[in-house]
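Here you get one chain, nothing else, as C-alpha cells; it is the form predicted on its own.
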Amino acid sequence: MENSLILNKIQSPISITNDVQLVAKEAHISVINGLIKYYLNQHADQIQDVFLSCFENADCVADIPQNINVGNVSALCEQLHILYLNSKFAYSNGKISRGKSKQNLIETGSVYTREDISYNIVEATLGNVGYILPEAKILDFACGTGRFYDAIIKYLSCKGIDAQSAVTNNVYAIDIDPVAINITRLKAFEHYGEVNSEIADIIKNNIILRNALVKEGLYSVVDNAIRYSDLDGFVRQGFDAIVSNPPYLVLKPSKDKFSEESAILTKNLVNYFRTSGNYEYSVEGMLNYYQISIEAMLQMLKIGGELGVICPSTLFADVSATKLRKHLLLNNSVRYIRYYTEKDPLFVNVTQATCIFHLTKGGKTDCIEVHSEGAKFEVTLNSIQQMFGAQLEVPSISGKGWSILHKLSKFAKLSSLKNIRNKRGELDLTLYKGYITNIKTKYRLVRGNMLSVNGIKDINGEYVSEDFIASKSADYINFDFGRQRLVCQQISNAASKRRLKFVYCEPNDILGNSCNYISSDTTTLAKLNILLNSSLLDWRFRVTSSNNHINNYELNELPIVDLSKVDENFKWNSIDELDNYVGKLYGLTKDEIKYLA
C-alpha cells in the first residue's frame, strides 16, 4: 500500500524532468496531503477552510482511494514519510522505481525513535515535573511526525489530563519539515471528534513550522527563523519540560554530497552558529545539529525544568563535545544516562551508538544513574573528575569498567613523563610529497598501512630524499631523527578488536603523518613497548575514543605505571602472558584482567 500510493502518483501523467527526486518529493507531499484531506472529510464541516488554514503546501493534494480506513490515516502517513526518508527514486524505461537509500537521512539528519523508547523518555522526563504537571508547558523539539507528541498526550491522559485539554493547553511541537509538521497536526486533530477552524488555529499555533536553531533578528539566515512570540512566547526559558530526538547531522558544506543550494545554506548556517552570539557551548570543532539542538533546548527551558533527549553517545565521550558536556554536568543536574550500542535496533536504516539522558536545568550534577552493557550503577561527578580531569567524559562501559578506571586514575599520564616525546609522523604525505621517491635512499618512508603486530612490512617501496631533513626543525633533529622509535597507526578502525599496536621502527626510517611515534631512551621505550601493547591500555584508549583516529592528545591521557617497576627484559609468548603481567603491575584482579581480554 505504502509503495503504491507514491509510485502510482508519480507514474501518472507528470512531466519527468532531470530531477527525479524533486518529482518524487512533490508526489509524496501530494499523497500525504490527500490522506489528510480524506481524514478531514469525515470529521469537519468546513473542510476547505480547516485544511487551508492549518496545513502546509495546501495547493498540492492527490486524489486518494475511498477504501482506506480513516482510523489508520495518521499511521499510514507516518509510515509513508519514514519510507520516503529512507528512499531514493530512479527513472528508467519510462518508469520510476524506489530503492532503499540513506541520502535523505544524510541531508536532513532525520531518524525516528521507536514508540516504546519515546514513551519511556517522556515518562522519565515528566515524572520529575511534579505537582505542576496539569499546568505544565511541554515541548516536542524537532518533533518529526510527532512520536514524542503522541507519547506526551498518552502520558498526560494516564495522569488524568484530558487529551483535548492537553492539545490546547499543555503540549507544543516544532520542526522544519512541512510534511512531518502536517502529520503531527493531523495527530492532534485525532483527539477531537469534530474539528473546526477555531481548533485548527489552536493546533497551528501550538505545532509550528520553524527552524528552532535560528533566532529571528538581524543575523537570521533562513526565512523560517523562530520568533520570540512563537509557541505562546515560551521560547525564552518558558517550558517546564522538553523532550527530543534532535537531528544527527554534521554541518559540512559539501557539494559532492549535497546540491549547490544546500551546500551554500549549510555554509551560511555554520557561519551563523559561530558568529551570531546565540551559541556558546556547541560551536567548537566540527558542528553537529544534535549538539546545537541541545543548547537551543536549554535556552528554551525554565530553570528547574526537565529535559529528556536521545542523541549520539559521542556527547559524553567525544572531544568535540567537551564544552557542551561540561556545561551539562557543571551547570545542570544530569541524573540519568542510558547507553545503546550501534547494534541495538533503535532506528530504521541507521546504525548509531546512542544514549538517552535526563537532566534538570540549573544546579550541578551530583550522582548519575548509568545504564550500560546490561548493568545499572551510579557514577558521581567527583569520580568523573578524578578519572578524566577537565574533559569530564562519561564513557559507555560497565560497572566493572568504572572500577578499573578508578584504579587507573591513580597513575601518572603519559604526558607527564618528562623524557618522552609523543608526536605525529614527521612527513606530511600531502605537503611533502615532492620528497617521496621510488629510488632507494638510506631513508625508508613508513606509512600507517605498513604497520602490523609483527613489525613494519616493506610493501610500498618508497623512500625519502635527503633534502627533506633540511626542512625539519632543530628540535626534531636533536630528539627524534636517526633514533629507533615506537610507532603506531594514526588511523585504526574504531570497530577493531585491538586499536593500539606499537612496533619499533629503524633509526633511519622517516615516518609519514599516517603514523604516530614515541621517542625516548632505549630503556624507557622497551618498558613502554610492554605497556602500550597490553589489552589494558588498548581498552583504556577505546573507552574515550569515538572515531577512527588515534590522536596524540588521546595517547597523552594513557595511565603509565611507575616505570621502575617494569622489567624492560620481560618477554611474552602470548597476549594472555602480557596482560597478566601488565594487569598485576596496575593492581588488577584476575577477574578484571579477564574482563579486558
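Residue indices: 1-based, along the sequence shown. Here the structure is a predicted model, which means the values were calculated and not measured.
Quick note: we don't show the form predicted together with a small molecule, though the next part is all about it.
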Three-residue site Gln490, Asn513 and Ser546 fully in contact with the small molecule in the predicted bound form at 4.5 Å by heavy atom: no
Given that the partner is absent here, state which listed stretch (146-154, 324-332, 280-288, 403-411) has heavy atoms within 4.5 Å of the small molecule in the predicted bound form. 146-154
Option touching the small molecule, based on a heavy atom within 4.5 Å in the predicted bound form, out of Thr341, Asn211, Thr437, Gln391: Asn211
Looking at Pro247, Gly308, Pro395, Gly425, which has any heavy atom no more than 4.5 Å from the small molecule in the predicted bound form? Pro247
Contact flag, Val111 vs the small molecule in the predicted bound form, heavy atom cut 4.5 Å: yes
Interface membership of Ile176, the small molecule in the predicted bound form, 4.5 Å heavy atom rule: yes
If we define contact as a non-hydrogen atom of the residue within 4.5 angstroms of the partner, is Ala142 a contact of the small molecule in the predicted bound form? yes
